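Here's a solo chain for you in structure tokens, the form predicted on its own.
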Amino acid sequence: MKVDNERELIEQAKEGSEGAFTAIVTANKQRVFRICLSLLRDAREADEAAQDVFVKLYESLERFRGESRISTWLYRVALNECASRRRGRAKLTASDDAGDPPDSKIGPDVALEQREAVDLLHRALDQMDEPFREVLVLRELEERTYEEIAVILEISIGTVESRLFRARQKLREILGKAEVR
């Protein structure tokens, strides 16, 4: 969504236009769902979290000042929502499944290896502290720039670089231990 169009939609939504609010949700729902799924690893819970993010947007739209893009604000709210849900839920089991269908063009052995690799990555992410997990997900899975991550997390670019470096180190360490087993 273009910035000018986004500002227009926000103003219309603030004035009560359901169509404008729907357009904002439609433009951002996949992005918000992906970040929730990356952090929560459960499609149903990610969908619920994404819905809660948009409810929060609706409830606080009047206070949105437009100092950043709406997508930036939504990322921040999504990260907070997921962190809250992770703290509040029971310990995850290793068998959690995001519900992704296997690729029908590959054999069962390759599909199993891919699923095991994804499970290993998710278990590694689960072992990381929240600030490192967030920056890693935003950079590597969401492909956000350092500048975007800094705005979303409300930290400096130097802190983004530092956290990303440490997150990658921790990921290598965790994955290295997993290979030994």
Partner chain sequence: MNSESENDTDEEKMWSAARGAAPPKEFESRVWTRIRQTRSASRWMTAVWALAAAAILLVALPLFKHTVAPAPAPISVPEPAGPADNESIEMTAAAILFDWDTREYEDVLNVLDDESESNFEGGST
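Numbering follows the first chain given and starts at 1. So that the term is clear: the rigid core is the largest set of C-alpha atoms that superpose within 1.5 Å between two forms. These figures come from a predicted structure and were not determined experimentally.
The same protein also exists as the form predicted together with the partner chain; that form is not shown, yet it is the one meant from here on.
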Given that the partner chain is not shown alongside this chain, does residue 141 nevertheless sit within 4.5 Å of it in the model of the complex, heavy atom to heavy atom?
yes
When the contact criterion is heavy atoms within 4.5 Å, does residue 160 count as touching the partner chain in the model of the complex?
no
4.5 Å heavy atom contact, residue 121 to the partner chain in the model of the complex
yes
4.5 angstroms heavy atom contact with the partner chain in the model of the complex for residue 55:
yes
For the three residues 15, 130 and 151, verify that every one has a non-hydrogen atom within 4.5 Å of the partner chain in the model of the complex; reply yes or no.
no
Of the residues spanning 5 to 26, the ones with some heavy atom within 4.5 Å of the partner chain in the model of the complex are 18, 21, 22, 25, 26
Rigid core superposition, residue 169 Cα moves 2 angstroms or more between the shown form and the other one:
yes
